[in-house]
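Before any questions on binding or motion, here is one chain by itself as structure tokens, the form predicted alone.
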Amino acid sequence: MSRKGAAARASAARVVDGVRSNGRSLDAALGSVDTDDEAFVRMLAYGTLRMHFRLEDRRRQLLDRPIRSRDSVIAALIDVGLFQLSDTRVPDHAAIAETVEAAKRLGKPRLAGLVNAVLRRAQRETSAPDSLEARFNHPTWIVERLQSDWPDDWQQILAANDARAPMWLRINTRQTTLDSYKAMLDEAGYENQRHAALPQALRLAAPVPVSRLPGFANGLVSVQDGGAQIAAPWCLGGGAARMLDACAAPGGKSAHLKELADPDDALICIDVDERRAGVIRETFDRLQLEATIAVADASETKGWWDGRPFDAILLDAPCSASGVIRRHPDIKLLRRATDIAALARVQATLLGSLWQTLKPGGRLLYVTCSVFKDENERVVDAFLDATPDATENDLLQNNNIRDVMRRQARGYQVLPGTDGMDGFYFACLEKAT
């Protein structure tokens, strides 16, 4: 029996329990893990949370009585074990033996027998999901909202949410070319492909640690989903000597703006969180780019705006992140139906405040990583109805972009899984001259 294997499974159970019982984000919970087998822990934690509703239902069917709340980490451990049995290539004997040993490492030796019994029973018996949440592996409110918003696509969206996201790269064309970098990947043996709509993008056939990407440390390349790479070219489409990224962290779209803009064009990046603003600075330093980075609340313009209007504003608004669930499966557990109306109010406030900082003839690109219409086209529609000098510019960057977009009453939607992309919404708003 591998001590390392048992320790990794115990760590994964702590991470899963931290999200489910304590409301921690998955990233934060993983950040506290200290192990030599980080990749395996991440795989187990991500997978168990991705399949949470199905695994929880299966565990409940296999147990004679519920596990007490004070032993919630054992419930998490059982789900880690069930995930190994159903969704991984880990041999069953290793999955069971080392998951049972992990119970002891979690300080619950008296429950090791229960873990063993449940996992061995899972080997012998099959069962069907007995709830809507287990059947679709999502909370009921998400299923129902998607059924309402996307009656022809909701099952496709749910399936995409449960798939592993591919690894997309954005080439820093300030330092190299797509062809040159593709040749580097080919030489390194990393299978990759272009996308006709995304001139700076390559998609890898299999994920690679960033430390192994050619030239990553020197700023030749960044990791950024293909859908996210639509934003910067669209925002710059009208020309922009003075730009604002209003909710900029972690800085991927900001950096893309600077990579594409004229070197003399000015970019101001603001974010309300000091730590996240620090991440923007690190990104810009690695990519050898310059921008003004400030910590501020974008909606409180008196605190940070100098009165000079912007040619272009990128508003990547706070949202439910319902379009990126496949990358952040903890969203299924941490987000609530009641959050959507509150987020829509924040989005509307940001739009109204930032509009005052845009010059006549300028453009504001409103972006979310949500698929919910209450955060997207309905927010934009209400804003346009209330703002006489605002119009939508629905001209897309190129015809290839049209192939991945869904035209909405206002704006455009990329659905999760489309050409391997995450889910994003875009609306380009122009100010009358």
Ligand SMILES: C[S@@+](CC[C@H](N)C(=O)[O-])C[C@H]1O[C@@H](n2cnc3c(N)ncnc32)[C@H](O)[C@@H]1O
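Note that residue numbering begins at 1 and tracks the sequence as displayed. Keep in mind it's a predicted model, so treat the numbers as computed, not measured.
What comes next is about the form predicted in complex with the ligand, which is not displayed.
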Considering the ligand in the predicted bound form, find the one stretch among 146-154, 117-125, 316-324, 211-219 with heavy atoms no farther than 4.5 Å from it. 316-324
Exactly one of R105, K253, H328, R203 comes within 4.5 Å of the ligand in the predicted bound form through a heavy atom, and that residue is K253
Answer key: of M243, L82, I270, M167, within 4.5 Å of the ligand in the predicted bound form (heavy atoms) is I270
D297: touches the ligand in the predicted bound form, heavy atom cutoff 4.5 angstroms: yes
Should L350 be classed as touching the ligand in the predicted bound form when contacts are defined as heavy atoms within 4.5 Å? yes
Can H195 be called a contact residue for the ligand in the predicted bound form at 4.5 Å between heavy atoms? no
So in the predicted bound form, is the ligand close enough to R276 to count as touching (4.5 Å, heavy atoms)? yes
